[in-house]
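A lone chain, given as structure tokens: the form predicted on its own.
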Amino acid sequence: MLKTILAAALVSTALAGPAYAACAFRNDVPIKSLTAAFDAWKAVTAAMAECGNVQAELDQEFRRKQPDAFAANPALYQLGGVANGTLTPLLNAGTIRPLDDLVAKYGQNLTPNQLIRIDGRIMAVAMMVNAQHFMYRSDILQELGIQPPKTYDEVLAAAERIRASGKMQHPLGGTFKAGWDLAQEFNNMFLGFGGSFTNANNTPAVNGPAGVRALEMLKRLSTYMDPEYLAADSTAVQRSFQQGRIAMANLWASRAGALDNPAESQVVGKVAMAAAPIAMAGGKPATTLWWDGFVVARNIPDAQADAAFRVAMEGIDEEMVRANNAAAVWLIKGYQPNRLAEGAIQSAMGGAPNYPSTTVMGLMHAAIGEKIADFMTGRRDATQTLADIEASYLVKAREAGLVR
């Protein structure tokens, strides 16, 4: 599905619908949104705010806050920014509403690939494709005669050469913040080594060769990172790039535009994009494909939901994309792919899998996030860590009735 969605990002602007100057209507209904804080959401929420009475909260901890906020009655927010991995808890809790009627009223400019259907109903609207992929300082690699790495062994070799040159003591960045971020790095690497998270009966399957190899590779990569790598989230890695403190990172495509922003970046035009590195010979890029978009809360009056959806449509219109083309790999009419989109496109075309957005995977991701830092800090070895992950997952899966 995500490869089809990514192809939609390449649609010609000849299909574009009408564009408006600022907001096409005056919103008189108070609307609050809770989304991530990267540049694409900043652009979208700024466009929404042009309609009036919109309060946007941009927070990288959105995934932790949304479930309770949407479960409140009335919900604390009317709009939520989600991805395929963060949609599942809201679906399971029944706290977001189907959007079919609102799409019929206000979604004339949406493309079919933007409509995220669950059991036949539209539950979210996608606005962009996202993936972690390889970003590197092309000037530094060229100066040192290093070919852009295509495998993780080549990444390690390149990092060693950059360190040995004296240019950077910590040439590599990574979203290794303990918890969700580090778990996602493991997920990418585990899939890159050919792993499967669970068996057919939902029992865990991470404690094996692929799991050990994934952990060991993460540990090797960390030796070329700042010693405080377990506190490094996407924003920290983005800033390290912008400030010229790292030369390479597997970073989210949604962060690429910020590296070329002259108002905050010292490396404009110097960071190139490529497919996520391969973990093993013959493997696929070690990353997963995601979409980002919005949902509407269930526990709000219909009139408020109507206003929220109209505001959201203004946030993801063609005018916004033209003004913020480089901020994301947009799925919106009018988007013109540029060099900053190359890494996401190459990863998808190389066969990177979709992130497995299921209840089972949500529980597994949480279990990995709870236990993986113990390996990185040396408190547990690889086999013990994987056993701990499986035990934690089993507790959650049994409570949810997914495993007997």
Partner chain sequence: MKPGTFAAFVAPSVVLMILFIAGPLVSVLVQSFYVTRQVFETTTVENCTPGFLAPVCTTEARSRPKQKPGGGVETETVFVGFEAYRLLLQPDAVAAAFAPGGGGFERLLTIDFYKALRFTLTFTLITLPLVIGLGLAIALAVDAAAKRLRGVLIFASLLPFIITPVIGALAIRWLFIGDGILTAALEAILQRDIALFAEGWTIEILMLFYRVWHVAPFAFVVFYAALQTVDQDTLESAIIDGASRTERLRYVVIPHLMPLIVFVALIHLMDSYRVFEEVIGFSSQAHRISLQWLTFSFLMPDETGNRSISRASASSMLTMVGIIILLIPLLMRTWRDHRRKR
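Residue numbers count along the first chain shown, from 1. Keep in mind that this is a model prediction, so the values were computed, not measured. Between two forms, the rigid core is defined as the largest C-alpha subset superposing within 1.5 Å.
Another form exists, predicted together with the partner chain; not displayed. Remarks below refer to it.
Contact annotation for the candidate site: R379, V395 and A400 all lie close to the partner chain in the predicted bound form (heavy atom within 4.5 Å). Here the chain stands by itself, but in the predicted bound form one stretch of 178-186, 203-211, 255-263, 275-283, 178-186, has heavy atoms within 4.5 Å of the partner chain.
Just one of N109, Q304, N113, S138 comes within 4.5 Å of the partner chain in the predicted bound form, counting any heavy atom, and that one is N113.
The contact with the partner chain in the predicted bound form, taken as any heavy atom within 4.5 Å, belongs to A366 out of A46, A37, A366, V29.
At a distance threshold of 4.5 angstroms between non-hydrogen atoms, Q55 is out of contact with the partner chain in the predicted bound form.
Though the partner is left out of this view, V321 does not reach within 4.5 Å of the partner chain in the predicted bound form, counting heavy atoms only. In the predicted bound form, the partner chain sits beyond 4.5 Å of every heavy atom of A158. Residue contact with the partner chain in the predicted bound form: V329 places a heavy atom within 4.5 Å of it.
If you take 85-115 and check each residue for a heavy atom within 4.5 Å of the partner chain in the predicted bound form, you get G85, T88, P89, L91, N92, A93, G94, P112, N113, L115, in sequence order. The rigid-core alignment places the CA of Q114 2 Å or more apart between this form and the one not shown. Taking 2 Å as the criterion, A256 does not count as shifted between this form and the one not shown: its C-alpha moves by less than this amount when the rigid core is aligned. Relative to the superposed core, R239 undergoes a C-alpha shift smaller than 2 Å between this form and the one not shown.
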